[in-house]
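Given next, in structure tokens, is a single chain: the form predicted alone.
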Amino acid sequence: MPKITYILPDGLETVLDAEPGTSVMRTAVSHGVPGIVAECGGNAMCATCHVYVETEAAEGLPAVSDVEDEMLDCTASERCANSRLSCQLHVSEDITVRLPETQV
């Protein structure tokens, strides 16, 4: 079972087991991880599940779609090269994500 490590803005880490194929966003919301708002419920329409993927894990992820790319321009926190919408990240391997200071 893949593990997702969430690093909160204050440095606190939460590690969760995730069902393969479940999104990073859905796993966070299901377990009450703070900092993932997910207003649209995972439809890549709100950018309130923005995360920064740790560099080592980013290489095996799918490419950013046109829709995700457009929404990443609307994030409340700065967009970086490793920015992703966690609703678009379906886990099959361990992954570490850092949450931004704010989502809205």
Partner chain sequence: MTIQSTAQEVTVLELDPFSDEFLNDPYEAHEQMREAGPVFWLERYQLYGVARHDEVSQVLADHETYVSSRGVGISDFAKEKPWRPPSLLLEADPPHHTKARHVVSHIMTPKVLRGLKEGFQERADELVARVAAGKGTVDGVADLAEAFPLEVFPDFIGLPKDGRENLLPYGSMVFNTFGPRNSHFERAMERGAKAQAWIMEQCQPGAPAPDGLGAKIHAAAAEAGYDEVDQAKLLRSFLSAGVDTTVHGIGNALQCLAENPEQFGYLREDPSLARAAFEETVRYSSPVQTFFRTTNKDAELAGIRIPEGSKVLMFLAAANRDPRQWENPASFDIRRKAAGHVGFGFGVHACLGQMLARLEGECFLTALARNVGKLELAGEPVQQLNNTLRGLDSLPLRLTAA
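Positions refer to the first chain, counted from 1. Computed from a predicted model, the values in this text were never measured in an experiment.
Quick note: we don't show the form predicted in complex with its partner chain, though the next part is all about it.
**Student:** Taking Thr14, Val24 and Val53 as a possible spot, do all three reach its partner chain in the predicted complex with a heavy atom inside 4.5 Å?
**Tutor:** Not a single listed residue reaches its partner chain in the predicted complex, so no.
**Student:** Test of understanding: in the predicted complex, would Leu61 fall inside 4.5 Å of its partner chain by heavy atoms?
**Tutor:** Outside the cut-off, so no.
**Student:** Any chance Glu78 has a heavy atom within 4.5 Å of its partner chain in the predicted complex?
**Tutor:** No - in the predicted complex, heavy atoms of Glu78 and its partner chain never come within 4.5 Å of each other.
**Student:** Heavy atom within 4.5 Å of its partner chain in the predicted complex: which residues of 71 to 88 meet that condition, in order?
**Tutor:** Met71, Asp73, Cys74, Thr75, Ala76, in sequence order.
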